[in-house]
Every structure is written in C-alpha cells, then in structure tokens.
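Just the one chain here, the form predicted on its own, laid out as structure tokens.
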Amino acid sequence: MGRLAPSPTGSLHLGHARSFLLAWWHARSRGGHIVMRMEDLDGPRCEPRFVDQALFDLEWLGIDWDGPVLLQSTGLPRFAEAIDRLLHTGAAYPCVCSRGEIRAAQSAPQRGAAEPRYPGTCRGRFATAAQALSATGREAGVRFRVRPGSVVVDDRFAGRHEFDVEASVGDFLIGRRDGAPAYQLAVVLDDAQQGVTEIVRGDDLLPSAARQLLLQRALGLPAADYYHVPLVLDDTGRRLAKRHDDLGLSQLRERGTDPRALVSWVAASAGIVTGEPLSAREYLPLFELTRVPRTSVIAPTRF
C-alpha cells in the first residue's frame, strides 16, 4: 500500500509531480493500492481551494487513488491521544521554548541547518502542560525524548543510512504550542491508520525517516519501507519550491501544456525513453524503480 500526501498550501509543481508519479508507478505497476492524504495541518496556509487544486492537478497528470481522501486535520483526537500516551510513559515532555530562544541558546549555530538542535532546556522542568502554563504563562508544546546513539534507516532505494537524532536535532517537537500535532507525529499515525507499507518521497526527507522510526517504536506501530528518491533542482542547483511559479502544474495547464509531455519528462528522468509521449497509465508496464538514477534531476525551462 503506497500513499500520496500533498500539503495543500499552493499549486503543486514539477518536483511534486515527479515524486507523486514515481510513487504511483511504483505501487500500480506491481498491482498495489494507493491512498490519498491531504496534510492540511499548516494553519491558515492550508485552504480548501488548495485541496481541490491539488486533487485536480494529480488527476490532470493521470494519477488515481483508492478510497476516500483523508484530511489530516480530521485526526486531531487521535493525535492528542498519542501525545498523552507518550507523556504518560515519560517518552515526551512539555516544552515552552520558542524557536528564537532555541536558536539563541546554540553556542555554535549549525550553518545551513533546517532547524536548530534543541538543547533540552525543558527536560524534567515541568510535570504537565498545565504546570508549565502556570509557571511561565505560556502554552506548552510537547517534545519527544531522544536517547543518544545512531538510528539506522535501511532505505530500499537510497541504501543504509545512520542518523544521530540526538546530536543533530535533539528532542524534537511532536505537539505544537497551539495544540496541533507536529508533522513527524501526524505522518506516523496517519501512515499506520491508512495501512501504508511503502513510502516513496524526496530524499530531503530521509533524515525525517529516523525520527519517524523512533516514534513508530515508541508507539508500537509497524514501520513502512522507505524509498527516498533524488529531488528535482532548478538551474542554480536549488530544490524546486513554490517560488517556481512557472513550473507550477496549474500554470503549465493554463498555458496549454499537454500533460503527456510532463509525464514523459518524468518518465525519461526515471530511465524510460519512448518514441512518443505517453499517458501516466501507459508507462506502468515500463516502470522499474531500480532504473531511476541516483542523482538529482535538473528541471527543464519549458515544455
């Protein structure tokens, strides 16, 4: 069982298209199922119109899925229950630190780090979130307690990787101060609920797999097989992002782009070259994830 999990915060772009097509081809070419999830926990940036747009973008590519679309925001009670379990067992604790305070506490900031390492300021400081609020006047988030040592991720595509989560990010956030679950916890619980057994996604999320494995073990959840594939980069070597409006799927569609041209570019980047552009479904008999190059792909300037 594979999954597609867009974040509805704007138009999907070419990088998303490649990851989702690779995931879809990998599952469907072997007779597998695909579930759809909208990771809509990013506050006001996640608007209903973006949910509809993301689904339309994927259908335009020729991607389908099995069963209803799961909105991640409908799982709040499940997320809260899991956080309470981790707090009760001592695997997590309340934290009132802001991002600015965490950065200021770093004696040697990590250049280029996506997030600062948490120094453990609130470890053992508060017994409960209510106590934290009473003592500081701040609502508390919740952090997962990480033990020192390597976490091994045996990725089915990228190979074996070891991550020292404690040394790189420290105790990581699983519950935000506004009461919403953080990404790492939400994705683990939703994957388990939806029966996801294989995850194909960009290799920028490979370090996240180590944190997700820790949460799966703490909650007694099964681990999926991970396949982290190289990203699509722009001509400067940067990862494609929402700032690349000219490669947004809705913009390409509005310019009259044939979806088969885009799908065929993704197929070629995955080692499949045909004499003419084909639909996503027509590539299924030709797809093998093992043929996908292990290097990043440079996005074309036009289709």
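The structure displayed is predicted, hence computed values, not measured ones. Start at 1 and count along the sequence shown; that's the residue number.
One more form of this protein exists, namely the form predicted together with a small molecule; it is left out here, but the text below deals with it.
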Check your understanding: Taking 4.5 angstroms as the cut-off for heavy atoms, does residue 234 touch the small molecule in the model of the complex?
Key -> no
Check your understanding: At the 4.5 Å heavy atom threshold, is residue 296 in contact with the small molecule in the model of the complex?
Key -> no
Check your understanding: Wondering, does residue 2 line up within 4.5 Å of the small molecule in the model of the complex on heavy atoms?
Key -> no
Check your understanding: Though only this chain appears here, would residue 187 touch the small molecule in the model of the complex if you measure heavy atom gaps against 4.5 Å?
Key -> yes
Check your understanding: Only one of 200-208, 120-128, 136-144, 73-81 gets a heavy atom within 4.5 Å of the small molecule in the model of the complex; which is it?
Key -> 200-208
